[in-house]
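Taking the form predicted alone, here's one chain by itself in structure tokens.
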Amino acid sequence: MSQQKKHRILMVSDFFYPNFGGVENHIYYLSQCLIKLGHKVVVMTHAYKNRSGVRYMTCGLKVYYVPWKPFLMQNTLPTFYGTLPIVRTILIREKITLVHGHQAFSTLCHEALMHARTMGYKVVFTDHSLYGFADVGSIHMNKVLQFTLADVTQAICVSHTSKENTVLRSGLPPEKVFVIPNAVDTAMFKPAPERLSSHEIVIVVISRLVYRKGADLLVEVIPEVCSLHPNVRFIIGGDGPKRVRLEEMREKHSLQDRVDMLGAVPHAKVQSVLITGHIFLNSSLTEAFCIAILEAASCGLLTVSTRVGGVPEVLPDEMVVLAEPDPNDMVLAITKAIDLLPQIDPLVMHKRMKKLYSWHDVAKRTEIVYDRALRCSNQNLLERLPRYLTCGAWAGKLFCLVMIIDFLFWRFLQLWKPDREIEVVPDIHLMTKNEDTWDSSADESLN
């Protein structure tokens, strides 16, 4: 790769390790593969307990844990301008050329993209979730997203359903939005060495136990399935506010010997839980993509999932049984999946997943989006302000005022501490001669 085509990328999100989830995994694996392609990647997130300052992960991935504590649901408190000094310092210190923000409800992401545009950087945004249009929370979030994406250079969604949702919510031109699906690390998620016995059918659920993930559906589905199929046992991994309801259900129906509650499962141990089962059950009420389904399929499990959001786009029809988010329909789908189990070969399924989904492919497609973003013309503040005026009669004027104040604050910082006084850090390349054999299953930073 020529020097001109190499990018220096700042990934920004409130969601990163040591927290675990789909967004965290996406940022980590994408960053590792971009580094292997020759780009420099730096991650910026908020501090996690005593984890603050600068840390290094595999392949020299540098992470800035800025000293902001989470305020609500791992999000930092919105400050509008409080993050500008540290964002400016990181951009200059690391000689960043492009800023990539992740997740619509990440406060740090929205603020970093706003500051980056003020400073003239190209920005890319990836949306990982689906939102509605009717409730108060969604209306507020959609307006915030409209503000952020009014001046974004390019956007990425993880499914076609997610793209439609993002375009409708933000008013972003569809030609600026690309669809790049998630992937799975097949080296980490492998089937069990020996095929499991079919005398007892084990159904695995690994999810946050919250309303959005369909925990209430599980409360109704599990007793019915256990009643219909005496040889079925459930393993539930995950924690959340709905865990109490599941435990009450287990007590009420005397299913202590057939429903195992594991609590929160570290990502490094997810594979060892998955390979103990035959079927993976996903009961989400809304989902843009669902990486958990990919991980289960890579381990050779037949998936039963609700037909919501971008889930129908994830797996081929013969690898998943879809159902409406209704208890009766889900019970029928699980029964159908049990009948299909003799036809499932975990090793064949794993090899197929290896061909279908690859983080290296995701990185190469993201690289194309970066190239396109950097080819876009630069515009000054006066040329950019009309985009914010389209966000609403009153909101548009308010957004313009926010950007003008941000611009003036940036100019003040330049006078108070000029760019030349900010020390540029040297690049550290930690890749070895065997870099092509990188295997995240041996990555200590994930544990």
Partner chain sequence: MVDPEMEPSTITKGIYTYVHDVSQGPPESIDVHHIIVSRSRAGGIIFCAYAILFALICLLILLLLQRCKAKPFGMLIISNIFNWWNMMNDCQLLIQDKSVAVVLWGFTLAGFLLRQSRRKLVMKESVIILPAFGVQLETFYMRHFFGLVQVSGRTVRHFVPIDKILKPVLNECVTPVTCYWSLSLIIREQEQLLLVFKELYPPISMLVPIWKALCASINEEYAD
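Bear in mind the structure is a predicted one, so any value in this text is a computation, not a measurement. Positions refer to the first chain, counted from 1.
From this point on, the text means the form predicted together with its partner chain, which you will not see here.
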Query raised in the report: Which one, 400-408, 51-59, 386-394, 28-36, holds residues whose non-hydrogen atoms are within 4.5 Å of its partner chain in the predicted bound form?
Result: 51-59
Query - 4.5 Å heavy atom contact, P418 to its partner chain in the predicted bound form - result: no
Query raised in the report: Can any non-hydrogen atom of P85 be found within 4.5 angstroms of its partner chain in the predicted bound form?
Result: yes
Query raised in the report: Could you tell me if H229 has a non-hydrogen atom within 4.5 Å of its partner chain in the predicted bound form?
Result: no
**Report entry** R93 within 4.5 Å of its partner chain in the predicted bound form, heavy atoms
**Finding:** yes
Report task. Go through 401-426 residue by residue and record those having a heavy atom within 4.5 Å of its partner chain in the predicted bound form; state none if no residue qualifies. Result -> K417, E423, V425, P426
